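Quick setup: one chain, the form predicted alone, written in structure tokens, and binding and motion questions come after.
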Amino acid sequence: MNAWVFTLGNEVVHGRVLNTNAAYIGRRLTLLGFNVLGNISLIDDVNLISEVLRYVLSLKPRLIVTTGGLGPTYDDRTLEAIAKALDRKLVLNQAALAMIKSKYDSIGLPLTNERVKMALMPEDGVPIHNPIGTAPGCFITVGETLIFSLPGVPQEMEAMWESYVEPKLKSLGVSKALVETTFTVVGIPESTAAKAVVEVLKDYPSAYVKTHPKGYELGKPVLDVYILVSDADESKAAEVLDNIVAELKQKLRELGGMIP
């Protein structure tokens, strides 16, 4: 169950907009049991996006999620790039058009070319209702790969994720339990703790441990230690987590660390 995330838009790549979408989607997918292999941020360039998409599709992931580039402006071209990557035509999706028309009818505005543009989708695309904004999302199946394209506005993306995307992903029955915890160790540099982490992980291939420095490596070192364990059985995963925490804390104390 490998997954990739694309966060698209010049404003994201250039740092004018904080990329909270990548954090939100990466976290939600991980907790659902997916292996998130990468998050790719690209400018609004059809050729570039389609080229990178083709590469990721060649890896045959189970899931690709894109955000951004679905709106009415000239640079909103994500679905055009997806169509190009899939060698499909970009067509006017009548169901998407009906969603858009209903939105603008409700406030007495006509369908302009810019608004109709938001209904252009790759062939066989399924529109996703946007409960907050006007641009529909799009769902496409390519072999065993599912592609969800969502707006870049965080409130819209999150609403569509919770109402449509996550329920559909849960129906896939991802068979992996995840348990996690954190603790803090004071008084030893990250480079010292690294040896203890490697020693413990030798016996636990299903675990992931990451140390996050919060103090100063050569002054007052403080580390947050994050541990994640995955397994098909939740109780087994929890047992492994408890063992790792106990062993790692013991080794860190032996190295001179203090654990509050």
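Position 1 is the first residue in the sequence shown; the rest follow in order. This is a predicted model, so every value here is computed, not measured.
One more form of this protein, predicted together with a further copy of the same chain, exists but is not displayed; see below.
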Look at the candidate spot formed by V13, R27 and P72 and say whether a further copy of the same chain comes within 4.5 Å of a heavy atom in all three of them in the predicted complex.
-> yes
State yes or no: in the predicted complex, is some non-hydrogen atom of V200 no more than 4.5 angstroms from a non-hydrogen atom of a further copy of the same chain?
-> no
Going by a heavy atom distance of 4.5 Å, is K101 a contact of a further copy of the same chain in the predicted complex?
-> no
Give a yes/no on whether T211 approaches a further copy of the same chain to within 4.5 Å in the predicted complex, heavy atoms considered.
-> yes
If you check in the predicted complex, is L109 within 4.5 Å of a further copy of the same chain, heavy atoms only?
-> yes
Interface segment, criterion being heavy atoms within 4.5 Å of a further copy of the same chain in the predicted complex, picked from 162-170, 88-96, 184-192, 121-129 = 184-192
Within 37-67, which residues come within 4.5 Å of a further copy of the same chain in the predicted complex, counting heavy atoms only?
-> L37, G38, N39, I40, S41, L42, I43, D44, L48, E51, V52, Y55, L59
